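Coming up is one lone chain in structure tokens, specifically the form predicted on its own.
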């Protein structure tokens, strides 16, 4: 069977009708940015199904505009923390109380490109606009978009979050719980128990305040700035503005999005560590910078942001790291404390991050490095299959197998670039 057909079969196996789960067992629900990337792959062979994926995601939107990180359409006892642990969240469907990096506008624009997609763009524009507005209002602190939970960043246990987590205390009244993730995969691949206690402490606080998002930002136990959310949102704002202009949206809408873009560009320097020559996470309350180059540090190219000097130093870091691993792009700097080649976001390369990084490098004229980043993932897939993430030293698959976004990104790249030798 061809790799292309295996990718299609992987998506079919994980299809639950109008939404697609990441993989069976470990992740039995609909994840936010997973669905967006899954739509990217589905659109290469079934546009109607791809669009249904996007519409089903938007159906989970809260009245305040937030699209949550997970939409719970059932209560699967094989997963924790499920809807009962999140309490009374505010959407029409049970969900988490935090969001995820907003890649949706960029992917909608990409898969509906051209006049034939105008009706689809119009169908979802207002909802995506409301989600961006939520980020810029409910999650902004002193001009920078913040995050209140490592899960919201999509990069759960990346060592970047240790600064904020170390400043936290586990809630003394934290209800007991039993983890389910370690029953599905090797515990050495997953976050530690202490990290999980603190993740659940944030959930406990959010539930205690009725998921008031402004209070969660201002008063919650964790508050950091994330290059992933920052650059993904900045890119998405630019794509949203392009759609608004194409659609002839009123001037006040276009002016609002332009103001968000200006705010984002001004905030980019906040994430720049001159010591590391990299864009890194930063604790907002203490001002402390993270201590390593991560796989979102180069998303400045994806967002078309940063100065010439900042981009040049980012390229230097990419080239340095390329000499340390067999497969770009590891999630954490191999030269920094905390690197673990197989533990979730402490080292493995991640398909969606490679996708965005490669696309940004290509768009900004760094074709050779873009190809290295693409090949790093493609070689690992060819060696090991469609895993959630991969060991950057060996290419071995990590965590979840038969993974939807990995199959989807492979299909998108195969469709866009006609990868040599791919059937």
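All values derive from a computational prediction rather than experimental measurement. Residue numbers count along the first chain shown, from 1.
Not on display, but discussed next: the form predicted together with alpha-D-glucopyranose (GLC).
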query	finding
Non-hydrogen atom within 4.5 angstroms of alpha-D-glucopyranose (GLC) in the predicted bound form for each of 160, 272 and 333	no
Among 317-325, 294-302, 251-259, 341-349, the region lying within 4.5 Å of alpha-D-glucopyranose (GLC) in the predicted bound form by heavy atom distance	341-349
Residue 218 within 4.5 Å of alpha-D-glucopyranose (GLC) in the predicted bound form, heavy atoms	no
Heavy atom of residue 22 within 4.5 Å of alpha-D-glucopyranose (GLC) in the predicted bound form	yes
Contact of residue 100 with alpha-D-glucopyranose (GLC) in the predicted bound form (heavy atom, 4.5 Å)	yes
4.5 angstroms heavy atom contact with alpha-D-glucopyranose (GLC) in the predicted bound form for residue 207	no
Heavy atom within 4.5 Å of alpha-D-glucopyranose (GLC) in the predicted bound form - the one residue of 51, 27, 387, 62 that qualifies	27
Any residue of 381-410 that, in the predicted bound form, places a heavy atom within 4.5 Å of alpha-D-glucopyranose (GLC)	388, 403, 405
